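Only one chain comes next, encoded as structure tokens, the form predicted alone.
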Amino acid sequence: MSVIRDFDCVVKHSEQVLPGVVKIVFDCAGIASVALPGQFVQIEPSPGAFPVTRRPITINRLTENGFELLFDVIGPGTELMARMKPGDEVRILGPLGCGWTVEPGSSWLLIGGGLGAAGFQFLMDTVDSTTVLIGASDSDRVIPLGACHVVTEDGSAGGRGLVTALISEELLAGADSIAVCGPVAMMEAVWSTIPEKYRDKVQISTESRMGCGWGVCDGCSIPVSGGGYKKCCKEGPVFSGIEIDWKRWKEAGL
């Protein structure tokens, strides 16, 4: 297990890759040398000024001597992050959480919804083979991941429809592991579409609002089977699909 600590990371590159979606590349060998697919970092957008709460962002991929993040600009914290420029020094905590369980030589089926696909590139760069299914509301929400099967609700990229329409018996049977990430309603629909005989292959990357990021505040708990909860930040963010209490999670709107 990697040691969780703060690093002073330097912005190497920043750009808008889709409307309202920003990519930042950080130089930070300390995080890059130990990070695993599915883990995330906590960024301090503005030390000593509002907002002071760190923002959790999944590592999208490793780069030479650092790592890349993709994120939505949706509030004051991410707006400050979007204004970061090359040369800026940023305090970042990480890597955090438990990522994907990867077996050597495994083949993966990746199913993503919109910006939920951010982070898939790291997994794609790590495992031997992948098939990628992406669903989004429109073309402005399709993360660039190279060769993948895409559907959008308005038909502006790929076919028209929902990502569940792309799931087939052949793809499910041919995968050793199935990774799912996206909005809760989308992931619940995917889970419901997958026959029970394949569900033990499914790993779910969860998202929840976080305060601390390392298991102290209990603000990011996910309902699990049996009536309890697990912490997204520490015991997740990746869980077996079988662990999750899907009914309670969807109803809670977390």
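Residue indices: 1-based, along the sequence shown. Just so you know, these numbers come straight off a predicted model, no measurement behind them.
Keep in mind that the form predicted in complex with a small molecule is missing from the display, and what follows is about it.
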{"query": "Candidate stretches 128-136, 154-162, 114-122, 169-177, one within 4.5 Å of the small molecule in the predicted complex by heavy atom", "finding": "114-122"}
{"query": "Contact test in the predicted complex: R209 vs the small molecule, heavy atoms, 4.5 Å", "finding": "yes"}
{"query": "The small molecule contact at R55 in the predicted complex, heavy atom, 4.5 Å", "finding": "yes"}
{"query": "4.5 Å heavy atom contact, D140 and the small molecule in the predicted complex", "finding": "no"}
{"query": "Contact flag, G77 vs the small molecule in the predicted complex, heavy atom cut 4.5 Å", "finding": "yes"}
{"query": "Heavy atom within 4.5 Å of the small molecule in the predicted complex - residue from M186, L70, A32, V202", "finding": "L70"}
